[in-house]
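Just the one chain here, laid out as structure tokens, in the form predicted on its own.
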Amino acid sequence: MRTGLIKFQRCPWCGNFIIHLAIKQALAELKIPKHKTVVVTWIWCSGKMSQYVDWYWAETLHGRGIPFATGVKLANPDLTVISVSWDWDTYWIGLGHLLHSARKDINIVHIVADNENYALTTGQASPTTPKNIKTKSTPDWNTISPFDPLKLTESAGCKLNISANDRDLPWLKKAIMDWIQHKGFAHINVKQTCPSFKKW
């Protein structure tokens, strides 16, 4: 854990707090030793999560968390490997990695904090932004249909594939616990609150 940080670098009421707590509670209830756990994050809002855990962790390049997590798992299959990113990273720049890891059934848990916008750059449209929404990059309304994350991963053969909500901590924690205990690639799309820039 980065002990020099004295406060979380997130907006108040950000859904990432709940996702972070659900992961911590899931690992604690499963009694997985800290030295057997690796959390891989990407950059942006959800990427900060790795800085506030005392397991092994890595904050990786934009859109490249899944390949890094895959490498960790292949190097040491005994580790519990959790990858955390957000919608832009996973469903845009990292989409190829997501689909091929699902197709190959790599044994990692991948959690997407889906806030439907580019929050850290102050609210542009992302691949999951609904149609007819105004954002900083679509001031005349978003005219592009959003991806359906579950259909995407299902089409690639992902067998462990669910949508969750950051407002239901017990259910999200249980889903993470269940997915950790299963073998194969697991994808959890978490509908994440973004109080600063998601205004719909």
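The first residue of the sequence shown is number 1, and the count goes up from there. Every value quoted in this text rests on a predicted model; they were computed, and no experiment measured them.
Omitted here: the form predicted in complex with a small molecule. The next part is about that form.
K.L.:
Is there a heavy atom of K36 lying 4.5 Å or less from a heavy atom of the small molecule in the model of the complex?
P.N.:
So K36 does not count as contacting the small molecule.
K.L.:
Any of the heavy atoms of V109 lying within 4.5 Å of the small molecule in the model of the complex?
P.N.:
V109: no, not in contact with the small molecule in the model of the complex.
K.L.:
Wondering, does W55 line up within 4.5 Å of the small molecule in the model of the complex on heavy atoms?
P.N.:
Contact with the small molecule, no.
K.L.:
Should L99 be counted as a contact of the small molecule in the model of the complex, where contact means heavy atoms within 4.5 Å?
P.N.:
Answer no; every heavy atom of L99 is more than 4.5 Å from the small molecule in the model of the complex.
K.L.:
Among 22-30, 66-74, 44-52, 141-149, mark the stretch whose residues have heavy atoms within 4.5 Å of the small molecule in the model of the complex.
P.N.:
That would be 44-52.
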